[in-house]
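Here you'll find one protein chain in two forms, each presented separately as structure tokens under the names structure 1 and structure 2.
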Structure 1
């Protein structure tokens, strides 16, 4: 079982493993399914079962079924999958990929060796981005690479897609293009918004918030997520103040996901920061 965030190499590792084991016949002995497309029990009874019962090709000892986003399977489908894994264990091996291993039923977890993938480190992402940039003859600045790492948050797939989108606009890649493409505010802009509110500048901070919502096209959840990241790293705030602000940001984010009015909730968050700064 491969468990971890998106874009950390779970699918790529599975395909690489199949190619290493089976060589030229890997496509015949490897089946990839996305459980989020077909979540019901039928995918287990039909697609998976039919492939598992067939003999392998090219003298391979077994075949591999790669089930992506396995945590999207319903409990009934997972129960059926458990039985299929037991019955065809001699002819087929299973690789389950998921973002949250806790959503996989315990009987399946106990039958798997769990490998946990973590977000890629900055050095690894920078190395890969620069490698792609050289191959594509792109002129990318160091600040643009750092911006790409910031917006990707360890997701290599997102970083590559962002680089590709920026390259469409021109061979020269600059930080502004990265933030614009990904609808992300610069870290210093979010930090300035927070500091303005904490300093009691209600109208200025609301104007800055309006600019992010209207001109940059950010959503309320985008802003709360970035505020959460910035507050953790702000040295001018005490730990007690950070706890208070993070707790309130979490409450606002929950209200937004429940369908509350975005503008009212964000203005209320700014007002809370103003009152908090005056204490």
Structure 2
């Protein structure tokens, strides 16, 4: 069982394993099922069981069933899976991938070796980004690598996708391109916006905000999500203040998801920051 957040290598490891084990026949001996598409008990009793009981191809010792997003399987479907996992263990191995292992029933966990995948560290991210850049002959600055690490937050898939998108625009990769592609503001900009508002500069901060929305094309939810991240790390705020602000930002983001007007909601949020800054 591979458990961990997106882009940490669960699927990649599984496919790499299959390729290494089966060589050319890996596609015949590897069944990939996304459990969030088919999550009921039928999928286990029919598709999975049928594949499990067929013998492997090309002299391979066993086959692999890769159940992506296994935590989306209903508990009943999971229950139906457990004896199948044992009964066909001579011919078939299972890899279950999930975001939260707690969503997998204990009898299944008990039948698995659990491997936790964590968000990738900065070093691994940097190494891989540089490797790909070299192979693709990209000219990437140190700042751009840092920007990649910031926007992808340990999600390698996001990092590689971002890098590819940036490479389409040109061989020279600069931080601005990274932020633009991922609809992310520079972290400094968001922090400045928050501090400006807390200092009581209502008009100035609304002006900054407007330019982010209009000129950079960020969405309201991009901005609230980033404000959440920045506020958590700000040292000039007490924890109590942080919690109060985060609660309020969450409320604003919720209203945005409900279709409220970005300008009005975010202006109101800025005004709230101005008030709570007390200046």
Partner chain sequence: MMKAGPENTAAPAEWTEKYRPSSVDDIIGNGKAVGEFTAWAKSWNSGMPESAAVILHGPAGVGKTSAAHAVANDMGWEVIELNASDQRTAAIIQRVVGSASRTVGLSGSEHRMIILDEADNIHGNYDRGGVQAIIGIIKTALQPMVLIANEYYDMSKTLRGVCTEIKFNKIQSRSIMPALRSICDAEGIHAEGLALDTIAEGANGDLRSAINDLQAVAMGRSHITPDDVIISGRDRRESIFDVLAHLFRRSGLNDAMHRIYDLDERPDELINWIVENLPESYDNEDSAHGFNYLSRADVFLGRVRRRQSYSLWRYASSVMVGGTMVSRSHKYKGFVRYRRPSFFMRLGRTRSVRGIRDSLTARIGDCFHVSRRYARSDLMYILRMICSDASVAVYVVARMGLGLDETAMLLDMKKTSKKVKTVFADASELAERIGPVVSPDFLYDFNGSVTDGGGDEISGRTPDVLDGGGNGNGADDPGPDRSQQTLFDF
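Positions refer to the first chain, counted from 1. The term rigid core refers to the most C-alpha atoms you can superpose between the two forms while keeping them within 1.5 Å. Every value quoted in this text rests on a predicted model; they were computed, and no experiment measured them.
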### Task
Determine, for this pair of isolated chain forms, which one is the form predicted on its own.
1
### Query
With the chain broken into two rigid parts between structure 1 and structure 2, is residue 162 in the part that holds residue 225?
no
## Note on the structure
The number of degrees by which the smaller rigid part pivots relative to the larger between structure 1 and structure 2 is 14
#### Entry: Distance the CA of residue 242 travels between structure 1 and structure 2 [rigid core superposed, Å]
4.0
